Every structure is written in structure tokens, then in C-alpha cells.
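Next comes just one chain, in C-alpha cells: the form predicted alone.
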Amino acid sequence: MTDTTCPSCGAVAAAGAKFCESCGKPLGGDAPATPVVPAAVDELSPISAPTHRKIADSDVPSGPRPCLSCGGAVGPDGYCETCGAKAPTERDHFRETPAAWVAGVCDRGIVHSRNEDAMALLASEGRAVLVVLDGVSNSIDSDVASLAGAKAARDVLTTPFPHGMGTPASRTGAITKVLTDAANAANDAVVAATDPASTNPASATFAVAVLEGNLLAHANIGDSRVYWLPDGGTPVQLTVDDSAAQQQIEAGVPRAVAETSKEAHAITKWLGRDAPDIEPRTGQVELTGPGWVVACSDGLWNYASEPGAIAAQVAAAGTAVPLDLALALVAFANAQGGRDNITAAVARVEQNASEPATAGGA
């Protein structure tokens, strides 16, 4: 028997092989009788490039993973035991659904060799936390650091906000302190994940959204964002970027021009050992109607920066299921080229008749 060539990717496969070792596609013979249509994410192979510092085993899901092509089980070797497709690693593509009304998807995209984005979510009745960190690609081990930082910030935000001394100003101050504590915890985790000898230490942006009933609190460092997209209302970007593009916008340069300039994604604040300032921008808003909260990295908003553009993609997804929406937003970014890692975390806010908006109930 002679070697064969994979019809999908052109790689040379050993004689008698059932699946291509390069792309995982069937080579014929015992291939499934029903052709498998790969999910878009399956085109993100090869598996992530190695990192210098290993991600802790507790930081990635355990147990069998579903194949994103056919739904079968992914074996220990990283290939689907049913269709043979090569699966992205847990770090390349992962999803969280802590409640029926909260979900997120973190994806490597198409161009980058590994996923340096990270997210950490939690939810209970009437309360949700969405944390997104975007590891800076030109720093070492930012994929490890961003995941550690996201989890550390989420852990600070596990309990409801304090009420302060009972006045609105005191309440605002108490919430701001908790959000600042979360940013500090994230920074500490990023620094702890950095090799002390590194001359290019890990760094990341930071964005968090916390829903408590009709209160939406947010914080950010860098250019990851939080949007509020009310049903039938005016969508708004709640966070303000720490970036060269934002500086241009504040100087009067049109947004579309600033965000496509050569230095558009140069951030002016970040988390990490060499961070000049880790005090987050914070804010709060009282929600008065139903809608969607979206926390995302620039891998998504690169292609839909204006609040109206993000709202249009949410509408185009045509779903009230948070996980389906997050998947649709990631698929949209990949369809536009997937030039960066992509994270989309969403929470559905509902409203009972004549009542203030309440989190949950999608």
C-alpha cells in the first residue's frame, strides 16, 4: 500500500490511515456514512502554540468534551471518537453557562496561534458577574495570566455589593471599592503567573459587568468593553477605552477614523507587572427595561464597534438563548476574518410588567 494525500488539506497520510493526522478529516474507507459538516470553530486548528508556564489543571474543564463538528466525545488524543475531527483544546475554545440567562464563549479566532483571551462567569437568581480579560499578544504567557486574572476577579465578586452607609453616594463608593478590589486581585494573579525573569511580562486588559436586580455596575482597564443593549431602546457602550484610539476620539477625531488608525489598539492602561496604573474606570446604571448585557474583547468589537452595530448583530442572531447568542457573536467575528481572539459574555435582563428590569428569566 502507498501513502495517500488528504483531500481536505493536502497533507500526506500513511497508507491505511482512516483520518488525516494534520486536519482530522476522514480519508475514506471506514469514514462515517453521513458526511459531517464541520462547525466553523473546527477550522481553528492547529491546536494552540505552547506556553512557557503551564496552565493549572484546575483551570480547564475535565471529563469528555463534545465534538464541535458532530457532538460525539473527544478522546484523550484530542480527536473525536465518532467523526475523527481534531478538536480545539479547552484553552482554544471554551464556553460557560452558569445559569440559563447567562453564557459566554471564549475563542481563539482564526489568525492567532493561541487563545490569550479569558473569561470567568457566575450567576445566581437575580445576580450575574461577567469578567473578560484579553491577554496582550506581544507579552509572554499572557494566555496563562489572563485566565488566572479572570478567575481571581470573579472570586472577589462572588458576594453581593455592600450597601455602604445607606446613602446613594455611600452605596456608589462601596461598589467602586469592590470593583477596584476585583481589578487589584486580577492584577495580582497576572503578576503571579509571570516568570520573574521575564523581560516581556504578561499583561492583559480587564472588563467586568455585575448585575444585581436592576443595577448594572461595570469597570474596565484597557480596551475590553461592556455594552448595554436595551430591547427597542438606544444601545450604549458603558465602558471607556484606555487606548490611543480613545485619546484621538477625545481630541475630535471621528470614531471610525480613530479606530482604524495605525495605533488604534495601542492601550494606555493594562494589568501586569509593568502596568503604570491599575485603577479601573467604573460606573453604574439603573436598568428600566429588558435587554442584553454584553462584555467582550476587541476581537468582537473590532468588527462592530458602535453600540448600534453590536445591537444589530444581536438582533441578527435571532435568539433569546444566551449561549446561542454568544456563539453567534463569535461566529460573526470569525466570519469577518477572526484576526484576534474573541470573547463574548452575555446576560439577559427581563422585565415584569411595570416593574424595574430584573436580571434573569431568559
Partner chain sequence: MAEFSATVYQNEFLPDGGTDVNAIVTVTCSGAGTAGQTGAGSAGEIIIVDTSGSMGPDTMAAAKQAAQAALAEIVDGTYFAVISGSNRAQLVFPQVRSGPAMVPMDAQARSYASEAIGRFHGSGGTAMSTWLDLAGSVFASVPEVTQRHAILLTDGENRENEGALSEAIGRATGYFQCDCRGAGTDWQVEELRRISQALLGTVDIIPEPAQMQAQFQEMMRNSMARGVADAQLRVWTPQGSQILFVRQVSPAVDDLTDRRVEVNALTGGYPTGAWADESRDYHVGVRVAAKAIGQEQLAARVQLAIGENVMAQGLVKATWSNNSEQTAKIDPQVAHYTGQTELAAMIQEGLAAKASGDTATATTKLGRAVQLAAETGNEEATSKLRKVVEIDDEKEGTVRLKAAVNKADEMALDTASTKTTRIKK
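We call the rigid core whatever largest set of C-alpha positions still superposes within 1.5 Å between the two forms. Numbering follows the first chain given and starts at 1. Keep in mind it's a predicted model, so treat the numbers as computed, not measured.
Unshown form predicted together with its partner chain; subsequent notes refer to it.
- Contact check for A85: a non-hydrogen atom falls within 4.5 Å of its partner chain in the predicted bound form.
- Remark: V105 does not count among the residues lining its partner chain in the predicted bound form, judged by a heavy atom distance of 4.5 Å or less.
- Its partner chain is not shown here, but in the predicted bound form it comes within 4.5 Å of a heavy atom of C80.
- Taking non-hydrogen atoms only, I110 approaches its partner chain to within 4.5 angstroms in the predicted bound form.
- Contact with its partner chain in the predicted bound form, judged as any non-hydrogen atom within 4.5 angstroms, is confined among 153-161, 85-93, 223-231, 172-180 to 85-93.
- In a rigid-core overlay of the protein, G71 has its C-alpha displaced by at least 2 Å between this form and the one not shown.
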